[in-house]
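Only one chain is included here, represented as structure tokens and corresponding to the form predicted on its own.
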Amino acid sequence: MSAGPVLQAGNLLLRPWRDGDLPAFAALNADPRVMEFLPAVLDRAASDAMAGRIRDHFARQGYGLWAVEVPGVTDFAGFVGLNVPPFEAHFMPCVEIGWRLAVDYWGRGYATTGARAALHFAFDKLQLAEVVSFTVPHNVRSRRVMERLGMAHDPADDFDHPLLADGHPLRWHVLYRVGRTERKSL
């Protein structure tokens, strides 16, 4: 389905997407627990379209949101990786790090392990000066991952997500940053 680098991350393989990942990705995107802090669950067509955008991002940028494989456990647990957000905000231009895993794979350290590998790639291969991440304030699980990655939050950076309408309950976002020179040992 897409080409791109393969990253080994502890017990994880961050790899290009395969067509066989699409059903598991659709199930993940249809799960209200996974999508709790995102605007809506996705139907199969919207999920497949997102996978297509991920593939296109790899083709354009040479990196993106890798499929997470846990050998001996599952061929597809979700994604972890790097993305260029499709909107304008005060912290642009930027590269964002993000993750989305099926509930069965929460609490196992996969998001943190995969994100560390993605940050190494961002700083060592892409030579990025900084990587950001953002979410809604009450997404405690993702915020903990950001903090374990050595990312810092400054409330002055928080913002209204421009792709969500005024008054939307998920519009307010917290922004975390980590720079190549200030990163903790990953």
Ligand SMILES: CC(C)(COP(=O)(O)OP(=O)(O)OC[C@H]1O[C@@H](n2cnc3c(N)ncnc32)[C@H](O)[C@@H]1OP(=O)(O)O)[C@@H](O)C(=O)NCCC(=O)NCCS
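A residue's number is simply how far along the shown sequence it sits, counting from 1. These numbers come from a predicted model, not from an experiment.
Beyond the structure shown, there is the form predicted in complex with the ligand, which is absent from this document and is the topic of what follows.
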(message) Exactly one residue in Arg44, Arg148, Arg55, His161 has a non-hydrogen atom within 4.5 Å of the ligand in the predicted complex; which is it?
(response) Arg148
(message) Given the stretches 129-137, 60-68, 153-161, 46-54, which is the single one in contact with the ligand in the predicted complex, using a heavy atom cutoff of 4.5 Å?
(response) 129-137
(message) Can you tell me if Ala122 lies within 4.5 angstroms of the ligand in the predicted complex, counting non-hydrogen atoms only?
(response) no
(request) Look up in the predicted complex whether Ala26 has a non-hydrogen atom within 4.5 angstroms of the ligand, and give yes or no. (result) no
(message) Check Ala117 for me: does it contact the ligand in the predicted complex (non-hydrogen atoms, 4.5 angstroms)?
(response) no
(message) I'd like to know if Leu101 sits close to the ligand in the predicted complex, meaning any non-hydrogen atom pair within 4.5 angstroms.
(response) yes
(request) Could you list which residues of 12-42 come within 4.5 Å of the ligand in the predicted complex, counting heavy atoms only? (result) Val34, Leu38
